[in-house]
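The chain below stands alone and is given in structure tokens; this is the form predicted alone.
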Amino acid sequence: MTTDTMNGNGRTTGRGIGLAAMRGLALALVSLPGAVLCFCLSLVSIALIPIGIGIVTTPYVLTGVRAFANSRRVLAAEWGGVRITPAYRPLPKDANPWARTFGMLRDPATWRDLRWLPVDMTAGFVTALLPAALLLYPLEGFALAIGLWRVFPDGYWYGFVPVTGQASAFGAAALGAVLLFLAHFLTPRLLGFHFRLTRAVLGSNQRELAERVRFLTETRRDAVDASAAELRRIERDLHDGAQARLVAVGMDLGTIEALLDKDPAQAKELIAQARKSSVEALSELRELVRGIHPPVLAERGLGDAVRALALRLPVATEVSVDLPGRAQAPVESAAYFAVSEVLANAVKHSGADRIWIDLHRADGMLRATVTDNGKGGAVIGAGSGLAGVERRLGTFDGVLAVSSPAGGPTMVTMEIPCA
């Protein structure tokens, strides 16, 4: 309950009881017609989307629903001390009616609003009305005791007390006194319960959000670690490979320059050696570039890149591709290197003599499956190549699933969300 319903000792005050009752009554008078109106308009507008009318009306109706829900969030914070943070996804300012309609309908917060409306018009209405009823109903019992019972010659039921005379009217007054005593404790709490009920339906799941933040933090850390490790690998390969060969070529050319007039035969041998070293350096640079981002992947897409990868394997490999269009470059790159790592594991550890690769897109997911007829027993664990693949996919909210019973076959399925 809010601080203005309590005195300095933390006890509920008479002013606080009356204020909670008036606020509850105001909420009840607004919530029922407001919720019914918003709910009916939403149903009608969404139902009219297939014939086109709803495309125009739905954004306006849902905007009104959001305004109604936001007003309750404000009252929950000001009257009940209950914070309900709105979590609506932003919409482009220049979006057309089609984009606005389906952008709002794809927003989980919109459906929380729509689920909240029937709750607000039923349980919300009752919990808002109870504080006022609990405070005002005892006044009727007192009125009966001072003579109002005479207006009802045939008797009158006050709660569970049948009022037929002065004695029973005093019983009604006693019941009213009990209710008024309960109102002293329950009225502000009932109003607080109304707002907590609102938060339970309108509020986003904080536990899910916390878990999501934790997961994103971990995947970001993994992505940073993987990028740093990749940078170190590139530096090491350049230093130990191409750079060393190019230095050797430079030294050979200096020697050739000195021997060209004195010993032409020796100079020719060094020229051949320099040419060989330059070819090897160029080959290593190409391999390095292929390890960073294969040219075939950039030029021809994931399907052809995986086919080219399969051609270099020492194991017979079949590739099946069903990819309409191309995914985003980072998604293709992640899928390519994930498949490459899984294939390397299969060749090195499975003992398979045949591998099948399937690439297709379904339900907004890019799915890659690598199956081999090896000995099985593959697991995702610390230190395994599959753990690295799982971390790579996790950066993109992807998942890795492994089925590898003892004796085989092994099936590794990778999924990455893609537009």
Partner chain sequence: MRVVLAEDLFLLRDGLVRLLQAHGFEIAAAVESGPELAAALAELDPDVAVVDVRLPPTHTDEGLQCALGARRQRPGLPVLVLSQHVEQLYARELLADGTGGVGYLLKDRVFDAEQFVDAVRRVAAGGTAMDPQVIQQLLARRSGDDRPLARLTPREREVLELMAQGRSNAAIAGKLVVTERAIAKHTANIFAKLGLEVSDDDNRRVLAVLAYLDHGR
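This structure is a prediction, so every number in the text was calculated from the model and none was measured. Residue numbers count along the first chain shown, from 1.
We do not show the form predicted together with the partner chain, though everything after this point is about it.
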Of 105 to 113, 89 to 97, 313 to 321, 67 to 75, which is the one stretch near the partner chain in the predicted complex, taking non-hydrogen atoms within 4.5 angstroms as near?
313 to 321
Just one of R199, H349, R307, R189 has a heavy atom within 4.5 Å of the partner chain in the predicted complex. Which one?
R307
Consider the chain as shown here, without its partner, and state which of K268, R83, R275, K262 has a heavy atom within 4.5 Å of the partner chain in the predicted complex.
R275
I'd like to know whether A298 contacts the partner chain in the predicted complex, with contact meaning heavy atoms within 4.5 angstroms.
yes
Wondering, does L282 line up within 4.5 Å of the partner chain in the predicted complex on heavy atoms?
yes
